[in-house]
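What follows is one chain in structure tokens, specifically the form predicted alone.
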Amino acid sequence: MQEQELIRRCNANERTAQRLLYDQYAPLILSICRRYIGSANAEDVMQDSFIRVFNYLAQYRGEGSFEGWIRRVAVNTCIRHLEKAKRLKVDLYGDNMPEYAVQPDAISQMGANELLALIDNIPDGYKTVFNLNVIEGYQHKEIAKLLGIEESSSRSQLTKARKYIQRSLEVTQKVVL
């Protein structure tokens, strides 16, 4: 079924079309939710994301990719969930992780699950900005507007997220050695 036809049928409340859309995009939305929320509540937030997708599907105008629109809905749902849980905090002071030297090829030696676990352990404020910028491709101006922070805070959070990842790799390597 063509995408526009699927959208039209979903808007007409055809359950089979809605199930097709859900089945097609559930893995994508779940992966987004896991990156922002963590594994524990990711499925609940994914369900909330789909509720929003179906509630606002009539507002999709066909501008840009449909997948991009769905990604944006999922990201916004994750951010609202973090705000509601009071987990989305901008850290203006930094972290207290020890400094070690990291091997240049440390990330290339990690598996996908290890890398996702590393990202999952980043504090929520850093992780949200990291995901928005590095994974989703948002610019700092967009992130600032989305999160209600200054652009400089977005840049700072991204720097801290990268530093946190680097230090986590350093600590992991030191433990392994």
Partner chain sequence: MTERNFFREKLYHHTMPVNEGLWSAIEAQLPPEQKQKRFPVFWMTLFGTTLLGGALMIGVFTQKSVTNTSPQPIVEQQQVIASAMTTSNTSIEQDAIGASSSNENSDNKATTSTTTLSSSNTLGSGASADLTPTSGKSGSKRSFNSPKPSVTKQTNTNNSKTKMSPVGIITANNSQPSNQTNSASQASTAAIDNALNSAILPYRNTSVTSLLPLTEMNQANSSINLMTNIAPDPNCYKFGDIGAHYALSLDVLGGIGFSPKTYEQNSGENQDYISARKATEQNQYAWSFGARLNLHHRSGLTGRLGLQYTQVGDVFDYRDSLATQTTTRIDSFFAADGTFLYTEVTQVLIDGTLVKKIHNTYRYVDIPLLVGYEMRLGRNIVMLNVGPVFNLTQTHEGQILDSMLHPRSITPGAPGAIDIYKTNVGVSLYFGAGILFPLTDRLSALIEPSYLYRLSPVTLNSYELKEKRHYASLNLGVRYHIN
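Values in this document were obtained by computation on a predicted structure and should not be read as measured data. Residue numbers count along the first chain shown, from 1.
Beyond the structure shown, there is the form predicted in complex with its partner chain, which is absent from this document and is the topic of what follows.
The closest non-hydrogen atom of Q4 lies within 4.5 Å of its partner chain in the model of the complex. For the chain shown alone, S156 is not a contact residue for its partner chain in the model of the complex, no non-hydrogen atom being within 4.5 angstroms.
Its partner chain is not drawn, but in the model of the complex it has no heavy atom within 4.5 Å of Y126. In the model of the complex, its partner chain stays beyond 4.5 Å of every heavy atom belonging to N121.
The partner is not shown here, but in the model of the complex the stretch 26-64 reaches within 4.5 angstroms of its partner chain through a heavy atom at A26, P27, L28, L30, S31, R34, R35, E43, M46, Q47, F50, I51, R52, F54, N55, Y56, A58, Q59, Y60, R61, G62.
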